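Take a look at this single chain in structure tokens; it is the form predicted alone.
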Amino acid sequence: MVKALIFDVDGTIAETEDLHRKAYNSIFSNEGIGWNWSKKLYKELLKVTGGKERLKYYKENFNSKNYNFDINDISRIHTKKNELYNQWVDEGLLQLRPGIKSLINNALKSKIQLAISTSTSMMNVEALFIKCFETKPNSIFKVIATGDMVKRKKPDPELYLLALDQLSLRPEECVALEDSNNGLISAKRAKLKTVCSPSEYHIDDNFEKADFICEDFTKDKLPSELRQLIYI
């Protein structure tokens, strides 16, 4: 019996990644940093989870111009990016994935527990839900596990294990909803069943280990087991 759904955020709840990319590029320009992340490059960089980790990875592996960044510089740039991203979210520049709002609302009506497991920050999670759901996420989700709460982000299972621990549930009692291969690997390492709906930047990822793959989260696209549980 499924007792809880555990949601990823970026790419799963909403198509956030291109807004993140544009926010990075805007901050790079404002800071006088000669970086510009194209869609093709950002797709490659998303293999590294976590914004600060992504910045560090790019500096060490892609950057041809030597900027003397230390960890404090990376943290500062990442914070400014998040502030701009959240401003844009508040201005309405983000849309939920098809079906996601109905799925969440009907799961709540059906007394299914909800949780979040995401490599993004609590700041970004709150901005999205305040704008798109008109409420703080902790009024919807019993557990919110974010990247700033763990040492190792996805594809490590630590975020899902933290969510399971705080839910006090076994893996077989939960289903993870994801949009990327890194998220799928993280969920599978935590022994969770998975429903994967590839987002814009992860459409070409390998989802062969997913229990179910769907185009989006609308009622008719969901696996029948989940549909019958939620839409009663």
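Numbering starts at 1 and runs along the sequence shown. As the structure is a prediction and not an experimental result, all values here were calculated from the model.
This next part talks about the form predicted together with ligand XBP, which is not shown.
Heavy atoms within 4.5 Å of ligand XBP in the predicted bound form are found in one stretch of 113-121, 99-107, 67-75, 134-142, which is 113-121. When contacts are judged by a 4.5 Å heavy atom cut-off, residue 197 does not count as touching ligand XBP in the predicted bound form.
Within 4.5 Å of some heavy atom of ligand XBP in the predicted bound form lies at least one heavy atom of residue 54. Among residues of the shown chain, residue 171 is not one whose heavy atoms approach ligand XBP to within 4.5 Å in the predicted bound form. By the criterion of a heavy atom within 4.5 Å, residue 42 is counted among the residues contacting ligand XBP in the predicted bound form.
Along 16-31, a non-hydrogen atom within 4.5 Å of ligand XBP in the predicted bound form is carried by 17, 20, 24, in order along the sequence.
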